[in-house]
Structure formats: C-alpha cells, structure tokens
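The data below hold one chain only, encoded as structure tokens and taken in the form predicted on its own.
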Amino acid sequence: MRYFIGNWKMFGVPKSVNILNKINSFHTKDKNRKKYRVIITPPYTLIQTYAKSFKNKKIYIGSQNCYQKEQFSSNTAAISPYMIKSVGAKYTLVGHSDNRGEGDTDTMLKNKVHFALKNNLKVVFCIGENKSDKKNKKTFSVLKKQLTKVLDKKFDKNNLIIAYEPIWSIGTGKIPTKDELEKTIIYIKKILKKIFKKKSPAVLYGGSVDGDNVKLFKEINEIDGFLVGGASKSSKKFIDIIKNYYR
C-alpha cells in the first residue's frame, strides 16, 4: 500500500471541498486505485464537514496536529485526539517541523502519539533534519533521536506511519539526491525495526514533492508514499503526482 497525504496547512474554506471532489473523481476511475490511499489533512475548521462528505468514499480525512492530552482540559484553543476522532477524522499528523519549531518537545510529542493511538487515530509521525544538521553531517543522529525519544515499543506500529521531511527541503524546491534519500529511508527503517522488533511501519517522504520529481522518488522502493504540502492544494497538481508515480 502506498500513501499520498496532502497537508493543507493554513488553507481552505468549505467550498475548497471542490478540490477533494476532483481528486475523488479521479481516484474512483483510476485503475491503480487499490494500490494507494489518499488522505487529506485540512484545518480543524473543515474536518467535520469534509469527513461527512467523504464518509463512504475513498478519501480519508485527518488533522494536522492534536493536543497532548487525551480528552478534555482547561487549555484554551487546544483540540484533543478524542475531539478530533469524534468529528470523523481517521488520521493525525504529529511532530511536523512547524509544530516542533513552535515548541513541541519530545515529551509532548510522545503524549500526542500515545493519546492519538489510544483514540484509534492513525498517526503520521513527522521527522526531519534542518539545513545546519545536514551541513554538519548530523542527519542520521538527529533522526535517530527524534524516533527513539518519542516512539515506544508498546505503540501499535500498525497504526503508525513515519513521514521523513527534511526541513531544508520543505517549500524550497530542493530535494535530496536519490542516493541520499535511499540511504536515509533505509536507515530510518533500520531504527524502527529496532524499536518495534518487527517489520518497520511505512515510511513516507515529504519536502517539495511535485509531479516531476515524483518520477525520481518512485525509483526508491523503500519509500512507501508521500506527504505533500503546497501541491496538495491543487487537485491537478496532486493528481499529477499520483499519475506520474504509476506511469
């Protein structure tokens, strides 16, 4: 199974559902539709509306984050995994570099993953090194720390997906070389197998993914799918990524 996940970030209003309608129409007719899953993470404001619209279709709705407590609390503006699940979301991102940059610690992230899984959400856990880490050849050590400090062997690996997003690549148009990316994904899976003592959870790539460079990524068998940012806000660009992956 391959995953194509669209992270809308701060984008979208109710009528933006037309983007999903076009993606769903394509998916319904696509001969490769059984080989992959489409997941879209819109802002919190749209989760319930979109989840209802696609309840019996093959597009899954997720959230872009969740709070580190399970259900209800006195934290203003916080939205818990329980609340996200209650409005129809099936997935949640955790650990995106945007949120890490805003102060998410390893302890907070571990709580988020724990409570999201406890509430039957599938977790897409994001990891990635910054430009300085890459320059100083610390990519592997940074990724290892991000994985081992948060993931617990007791977590349900069947409901866990890892998204490798090098921070220096997000929104820049710059991507790792094929050799760099292949070695990094293999390393990530090696660490995951040590944590869970079994087969690794799926590992996705994210960072300036588009309809052109996906042709390079598909040559790397270890990549199990993609976390797509800007291109996911356009039905044509998102569909082109899927088309070109299977072309």
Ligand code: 13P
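Numbering starts at 1 and follows the sequence shown. Remember, it's a predicted structure, so these values are computed and weren't measured experimentally.
This next part talks about the form predicted in complex with ligand 13P, which is not shown.
- With the partner omitted here, the residue from 108, 87, 170, 79 that has a non-hydrogen atom within 4.5 angstroms of ligand 13P in the predicted complex is 170.
- In the predicted complex, ligand 13P stays beyond 4.5 Å of every heavy atom belonging to residue 112.
- Among heavy atoms of residue 42, none comes within 4.5 Å of ligand 13P in the predicted complex.
- Ligand 13P in the predicted complex is not approached by residue 225, whose heavy atoms all lie more than 4.5 angstroms from it.
- A residue is said to contact a partner when one of its heavy atoms sits within 4.5 Å of a partner heavy atom; residue 209 meets this definition for ligand 13P in the predicted complex.
- Partner contact region in the predicted complex: 201-209, out of 25-33, 182-190, 201-209, 216-224, criterion any non-hydrogen atom within 4.5 Å of ligand 13P.
- Although ligand 13P is not shown here, in the predicted complex the stretch 79-96 places heavy atoms of just one residue, 96, within 4.5 Å of it.
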